[in-house]
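Just one chain is shown here, as structure tokens, and it is the form predicted on its own.
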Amino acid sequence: MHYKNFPMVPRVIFGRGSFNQIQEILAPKRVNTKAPFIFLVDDVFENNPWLIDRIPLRFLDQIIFISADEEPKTEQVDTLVAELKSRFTENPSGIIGIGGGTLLDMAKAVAIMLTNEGSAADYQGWDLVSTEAVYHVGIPTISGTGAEVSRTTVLTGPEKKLGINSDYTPFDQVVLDPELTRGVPQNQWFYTGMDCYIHCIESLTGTYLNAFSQSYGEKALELCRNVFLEKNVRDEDSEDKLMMASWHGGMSIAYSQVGVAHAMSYGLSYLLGTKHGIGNCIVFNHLEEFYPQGVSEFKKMVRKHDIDIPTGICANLTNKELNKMIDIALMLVPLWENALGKNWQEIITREKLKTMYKKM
């Protein structure tokens, strides 16, 4: 066996109000006054002084607001990197992502591409990055994606939706402040929280499972069950727990893999632009064959929180469109292998995927 020497986030701060310490965290990392800190912030906060006024801008530092309506694209990363290179004489001292999975992935990808030649699309895959990224910090404002702790940054490119999976992708610093998640709308809170729940189910039932992944996955699952099944209110305790569930869920898949729901939701996202959290929910809703207990429990959570899971989104797709989604899903070999084992191709045929997509 050859084991993966996995990089972890070296520094993390957790606590309500810990966002207020961002200045003391960043100050020692400033290269010089010409190398700015660039804050990539979800544009939902653009008119929110409660958050924006606490971002410490000095010298040439800048806030760039980015919409999370669509998931990050390689082209968007390339444009932003080119803009930063033309605007400043030196590479930034750091890139700070503030938002959900989209903003965290954008921050990771931009930090990588500032020091690596070519297009972000050239690095979609496993271990293709050769040069260490610019210092980068992740500050999640919604819980569930695990992007704050993962070694990937998921991007939609011209040919595929796939992450830049590398040892240089994980953040150098993460700030976990549950207070930042307080205004998340109910549906979004649920969809993103379910991303974490589905990470756990896929990891804990997968063929790649080991004690490292299991220990994190079981804890994340316990926290998800507490937040979404046992508790009847969204309060500070649930914000704290869901933030830690996201962290543990991300750590669980770090040393294993996700599975069927993620593979198929990548197809939805690539073709229809379906957001990751809701896409996973749409797919997982139909996966009793693979995850009977997980899907049953998921449906209980949907009923308890009165959440709407869209249906019929693939009903009017052409064969060409369905085939493109199937191509995208089948590219994700490690996910299928984790879910179903080495002989997964005997179970997952193009015809089977087509039938499954048509139910969604």
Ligand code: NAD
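Start at 1 and count along the sequence shown; that's the residue number. All figures in this text were calculated on a predicted structure; none of them were measured in a lab.
The next section is about a form of this same protein that is not shown, the form predicted together with this ligand.
The candidate spot formed by Pro72, Ile142 and Thr152 lies fully in contact with this ligand in the model of the complex, as each residue has a heavy atom within 4.5 Å of it. Put simply, Ala68 is close to this ligand in the model of the complex: some heavy atom of it is within 4.5 Å. Remark: Thr207 does not count among the residues lining this ligand in the model of the complex, judged by a heavy atom distance of 4.5 Å or less. Though the partner is left out of this view, Gln188 does reach within 4.5 Å of this ligand in the model of the complex, counting heavy atoms only. In the model of the complex, this ligand lies within 4.5 Å of some heavy atom of Thr102. Judged by heavy atoms within 4.5 Å of this ligand in the model of the complex, the contact stretch among the candidates 79 to 87, 122 to 130, 213 to 221, 275 to 283 is 275 to 283. In terms of contact with this ligand in the model of the complex, the residue from Cys314, Val44, Met325, Leu332 that brings a heavy atom within 4.5 Å is Val44. Checking Val227, Met243, Ile112, Leu180 against this ligand in the model of the complex, a heavy atom within 4.5 Å turns up for just one residue: Leu180.
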